[in-house]
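The form predicted on its own is given below as one chain in structure tokens.
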Amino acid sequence: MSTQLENPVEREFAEELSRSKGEPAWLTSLRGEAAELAGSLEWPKPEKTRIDRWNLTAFGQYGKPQALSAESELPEAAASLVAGAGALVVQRGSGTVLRRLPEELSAKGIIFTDLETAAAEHPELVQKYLFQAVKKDENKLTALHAALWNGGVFLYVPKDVEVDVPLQALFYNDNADVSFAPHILIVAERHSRVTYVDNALTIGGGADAVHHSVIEVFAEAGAKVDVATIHQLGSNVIDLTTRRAVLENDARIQWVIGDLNDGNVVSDTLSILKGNGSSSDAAVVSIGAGKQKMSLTTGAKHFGLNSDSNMVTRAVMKEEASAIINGVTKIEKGATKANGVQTEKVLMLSPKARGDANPILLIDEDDVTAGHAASVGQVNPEQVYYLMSRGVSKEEAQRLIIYGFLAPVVTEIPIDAVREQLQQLLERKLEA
């Protein structure tokens, strides 16, 4: 089935698309309401980035792909990213083509499937959390996403269950004309622990396209959630990704984000530290090349007592690429003893590359600790000269300096497989 998204803001269109996929009535209604809202809302306005000049309407068509029986049927570029995965969800374009959850995990009450299947089979869970961290009326983008999302993942971990192995998802698109809009919903109940890893990539070029995705994470009291997500989309694709986590008492999230796309990017990641003793760590790595324009925002909003956040972003800009790096720490009134720390650094490898690091502290409480550091600069010629004086070539010297710049983020990634994969991708893009 293929449906052209010619009028994505019309309620009737979104509802008919939902009914054609056999979705429950409550989800059909949600999509319709979101489509109607989209007509009256504005696009988000990231700091110093004019996304209104981008082609934001190339959402493509909805198309249901053929199911796969094993990873061996995946394109090589995609298969290599999930080699050896136990629990796995694979989405191609608009739909899920492969799902696998080992029996030992299923027996513990873990749910790991595509979001559309979960909405039909576990409506009481999905309806409770869907679009509660990212509101459908936040802006035109979130409204359109609520109306048109497809595939995605639902991950649910019951109370006191700890998962020792990463649960993985792969989102890939090999047809720029097909809609590509996954929604990831993660729910970790009290004192549970889970690691979720995903990769998003495009294969081949083609017409302009928009990838709009959302991640919503709900960590209940004492839960620990690690989320690692790496995007490597083509130069013809605009990546618009929103991530939100809501943390209850003593809950913790760790974000690992690799924005390694070749096209324009708006990446917005926010942890809401609602509970006392909650904590958030975020590590973001990005490399821009060509004429890429990137807006990377990482934020933490503190409500809970003794809540803690740490954010680190490192970006390398090549050629004529430009990046706006925003770190936003907001400590609300009453969030006493909260601690928020952030660091943003941009390294430019060309006189035409541009970087802008913006640390922002918004403090409404006196008894807190908050700090920030930011820097923007080019490769230090004295460092290059020193290495060359020790017999290292100029190219190798610059390479070593760049890896040293990224190392404080990459080496601290706690998931071995993600750290190794991210290192390989960074090397590939830096040498391109």
Partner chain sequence: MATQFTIEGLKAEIEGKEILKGLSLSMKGGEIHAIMGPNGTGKSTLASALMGHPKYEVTGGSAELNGEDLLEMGVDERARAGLFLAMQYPSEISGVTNSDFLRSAINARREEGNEISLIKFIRQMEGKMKELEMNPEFAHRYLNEGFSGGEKKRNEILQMMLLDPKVVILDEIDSGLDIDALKIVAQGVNAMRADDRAFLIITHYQRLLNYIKPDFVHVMMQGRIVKSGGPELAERLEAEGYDWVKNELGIVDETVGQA
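Numbering follows the first chain given and starts at 1. Note that the structure is predicted; figures quoted are calculated from it, not measured.
Just so you know, the form predicted in complex with the partner chain exists too; it's not on screen, but the next bit is about it.
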| query | finding |
| --- | --- |
| Heavy atom of Ser20 within 4.5 Å of the partner chain in the predicted complex | no |
| 4.5 Å heavy atom contact, Ser375 and the partner chain in the predicted complex | no |
| Ala70: touches the partner chain in the predicted complex, heavy atom cutoff 4.5 angstroms | no |
| Contact label in the predicted complex: Gln383 to the partner chain, heavy atom within 4.5 Å | yes |
| Proximity to the partner chain in the predicted complex, single hit among Ala370, Leu41, Leu387, Ala58 (heavy atom within 4.5 Å) | Leu387 |
| Listed residue (Val392, Val379, Ile51, Ile363) with a non-hydrogen atom within 4.5 angstroms of the partner chain in the predicted complex | Val392 |
| Heavy atom contact within 4.5 Å of the partner chain in the predicted complex, the stretch among 60 to 68, 392 to 400, 43 to 51, 30 to 38 | 392 to 400 |
| Contacts with the partner chain in the predicted complex - residues in 177 to 194 whose heavy atoms fall within 4.5 Å | none |
